[in-house]
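The chain below stands alone, shown as structure tokens; this is the form predicted on its own.
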Amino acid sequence: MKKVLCLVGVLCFLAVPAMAKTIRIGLMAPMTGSWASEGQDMRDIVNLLAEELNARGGVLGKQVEIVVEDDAGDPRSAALAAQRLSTRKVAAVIGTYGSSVAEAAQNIYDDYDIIQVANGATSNRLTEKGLNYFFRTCPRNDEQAMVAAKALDRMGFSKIAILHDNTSYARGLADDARKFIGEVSDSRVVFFNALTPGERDFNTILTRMRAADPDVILFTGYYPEAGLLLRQKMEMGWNVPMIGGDATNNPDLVEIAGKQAANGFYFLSPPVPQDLPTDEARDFLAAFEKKYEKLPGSIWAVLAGDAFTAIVTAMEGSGSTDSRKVANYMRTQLKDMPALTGTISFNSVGDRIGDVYRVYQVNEEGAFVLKSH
């Protein structure tokens, strides 16, 4: 045993000079699978921010290296990705997009004392567990659900169908929306059920919803299924309005549905990239477009960039890469940090502070148009 310990000690000693050259930050994202466009934008944004930071001298006098692992938008793959990142000497991890995917990795990072800053995982329970090292730059489901309840009341809808997909995110948002609709209005939920994500034919669930005669459909699942619902709803001649949660904020929704079926679709979201409010955000997006010849498809990848900025700001502010010091700085001293999506502060459980949701509508050209704050 002594020989083994000596060997480990020698290897650790030899590894120190190599580790000291850079600070590794992990990115866990859906590089493949149905959410791949989100993950690829996340990678491109974080890489560009790291390049810009390194050109200014890096953080704590060291260059930053981004280490990417593919979670494929799948909880089992996410657990494996988290295990791989945890053994690659990363100081912190950005990601990921889906709540159930982020949840599969949470305890692994916490066990390894690695900070995780999620960018699209909005399920309430992710921060209600009280984990030491979990943060997120995106808002929570219950904030979104309250905005949804108020928006539906303001639009005059009184009979509401709620459809989810049984994932942590979608079921949680649906449950919160059903609760708040009863609190803020006299509206009734006349249908509440789930579809199966990944299926291609939703005519049966659409027919059952239609029989409930709702004024509007609130769909809390993701954009691939929302696009199919819109197209198949149009094909069956049902013109009922539909509003989606923030996971429907992706241009691929219009590609899947077609412009005609997507026209008039509402969704809730933090500001989409073209509506970001600051000169710094507009300058960064111009640099992004110059480098990649496109703009980010949705806000979720931009929120991964904000996670990167929060991590390096906390490292610089705490003067350390030690997880305990960095996490403590993020909770107690990082206040109103300028970021691409606005200023960022975190509360004691790692949630972003502040209301960022807006109501958008898809127009006849397939563009996302801001309707109200």
Partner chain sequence: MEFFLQQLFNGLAVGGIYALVALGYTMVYGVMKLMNFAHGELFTMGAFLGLSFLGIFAFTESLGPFGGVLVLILLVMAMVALMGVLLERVAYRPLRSSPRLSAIVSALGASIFLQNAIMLIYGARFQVYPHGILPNIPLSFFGVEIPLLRVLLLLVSLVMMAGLYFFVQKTQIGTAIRAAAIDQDAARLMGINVDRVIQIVFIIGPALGAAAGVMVGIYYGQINFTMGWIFGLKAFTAAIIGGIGNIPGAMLGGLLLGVLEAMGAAYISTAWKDAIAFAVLILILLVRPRGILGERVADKL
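Predicted model only: the values in this text are computed from it and were never measured. Residue numbers count along the first chain shown, from 1.
Another form exists, predicted in complex with the partner chain; not displayed. Remarks below refer to it.
Residue contact with the partner chain in the predicted complex: Pro224 places a heavy atom within 4.5 Å of it.
When contacts are judged by a 4.5 Å heavy atom cut-off, Arg154 does not count as touching the partner chain in the predicted complex.
Not displayed here, the partner chain is kept clear of Asp110 by more than 4.5 Å at the level of heavy atoms in the predicted complex.
Val68 falls outside the set of residues with a heavy atom inside 4.5 Å of the partner chain in the predicted complex. If you check the partner chain in the predicted complex, you find no heavy atom from any of Ser158, Val240 and Asn263 within 4.5 Å.
Figure note: of the listed segments 285-293, 230-238, 118-126, 133-141, the one touching the partner chain in the predicted complex, with heavy atoms no more than 4.5 Å away, is 230-238.
Residue Ile205 is the only one of Val190, Ile205, Leu276, Ile114 with a heavy atom lying within 4.5 Å of the partner chain in the predicted complex. Checked against the partner chain in the predicted complex, the residues Thr32, Asn47, Asn328, Thr313 give one hit for a heavy atom within 4.5 Å, which is Thr32.
Contact residues in stretch 72-98 (any heavy atom within 4.5 Å of the partner chain, taken in the predicted complex) are absent; none meets the cut-off.
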